[in-house]
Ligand code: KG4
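The data below hold one chain only, encoded as C-alpha cells and taken in the form predicted alone.
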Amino acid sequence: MKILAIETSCDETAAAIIGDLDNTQSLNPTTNITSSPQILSNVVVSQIDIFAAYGGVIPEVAARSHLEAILPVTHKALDDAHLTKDDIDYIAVTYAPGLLGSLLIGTLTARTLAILWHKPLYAVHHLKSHIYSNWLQEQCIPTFPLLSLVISGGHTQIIYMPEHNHFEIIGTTRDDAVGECFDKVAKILGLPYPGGPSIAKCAEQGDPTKYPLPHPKIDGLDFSFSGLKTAVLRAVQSACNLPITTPSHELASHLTDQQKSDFAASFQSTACDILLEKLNSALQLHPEVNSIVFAGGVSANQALRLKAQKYFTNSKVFFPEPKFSGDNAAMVGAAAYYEILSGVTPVDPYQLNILPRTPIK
C-alpha cells in the first residue's frame, strides 16, 4: 500500500508518501495492532518566514503561497520516495478544519489527481491526522481505549477513542485555543511569531514561580484560556507600574529581558498545568484508558512533555516526534492508512463537498 497525502490546512504546504511493509495486512477495529505506517517521503514548505513580519497568518496570502508550492511539493514527495504516479494506490487530503482558501488548494489538487490517475480518494479530518501522528513512530504505538489531548493554535480538545476511527469529544475550549493564547502572550512580551517556540525559548532563563497566575474555574472537562491571557496582560501592566489602559503593544518596551523570561516561564508553567489537570480529570472518568496521546503543535513544548511524564506516572503517555507535531502530510497519510485498513469507503472526487466518512463528534 502506498498513499500520497496532501496537507494545506493553514500555512504549510506538505506532501508525503506513506506505505507499509505488509500489503496483505487487514485490521479488525476492535483489536490493537502492532504495526505502523512507513514514511517513504515527507516534504513540508512552511510560510512562517512570510508571516513572521505580520505576527500571524494572512489567509489570502497563505492560499496564494499554497498555489505556487503545491505541485512542486507533490512532485518532490514522489521523487524522494523514488516512485511515480503508477506506484500510488491511494490519495489522501486534509478536507477540514482550516483556512478556507488554503484547504481549497489542497482538496482541488487531490481531487484532480484522483480523477486523472484513477486513484481512490480519502478526505481526512485535520484533528484526526494530528492524533495519528503518534502512530508514525516504530518503537511503540498507543493502544486502545485512549484519551487524546489535541492542542494547537486553533484547537484545544480532549478526545476519547475506544478504537480506530471512533472519536468522542469530551472536552473543548470555550474561547481561545491554548496555541492562540501562546501567540497572544508572546505579542504582549514582544516575542516573535510563532509564539509557542518563542515563549519556550525565552522561558529557559525564567522563574516559573515568579508571577502566580490564575487557573480558570470551568466546570467539567472544558477549557478557557482568554482569562489567562488577560491575567498575563494585567500582571505585566502592574509590573511596569502602568495603568490598565496601556495598550498591549507598548508593554514590551517597559520590560527587562529577565522580566520577559519570568513572565514567559510563569505563563508556560500555568498553561501546562491547566492542560494536565483537565486531562487528569478525564482520566478519572475513564479509568479503562490504556494510553494518553498528545497531539498538535503545542505538544512539541518540552516543558509540557516533562510535566506530563511526571504527572501521569501510572499511564502510558505518547507524544509525536517534534517534527510531526506541527502540520505535515505524513500524519494525514497515517490517518488515511488506518481508514483504509478499517474498510472506510473512499469519497467521490466529483462531489462538490467532500464529506467525512468517520466524523469527530
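In this text, all values refer to a predicted model and were calculated from it rather than measured experimentally. When you see a residue number, it is the position in the sequence shown, counting from 1.
Beyond the structure shown, there is the form predicted in complex with this ligand, which is absent from this document and is the topic of what follows.
- Comparing 82 to 90, 135 to 143, 181 to 189, 252 to 260 against this ligand in the predicted bound form, the single stretch with non-hydrogen atoms within 4.5 angstroms of it is 181 to 189.
- Only one of A200, A231, A282, A96 lies close to this ligand in the predicted bound form, with a heavy atom inside 4.5 Å, and it is A200.
- Just one of A69, L40, A300, A63 comes within 4.5 Å of this ligand in the predicted bound form, counting any heavy atom, and that one is A300.
- The shortest heavy atom separation between H126 and this ligand in the predicted bound form is within 4.5 Å.
- By the criterion of a heavy atom within 4.5 Å, G326 is counted among the residues contacting this ligand in the predicted bound form.
- Although the partner is absent from this view, S152 contacts this ligand in the predicted bound form, with a non-hydrogen atom inside 4.5 angstroms.
- This ligand in the predicted bound form is not approached by G206, whose heavy atoms all lie more than 4.5 angstroms from it.
- Shown here without this ligand, the chain has no residue in 329 to 350 lying with a heavy atom within 4.5 Å of that partner in the predicted bound form.
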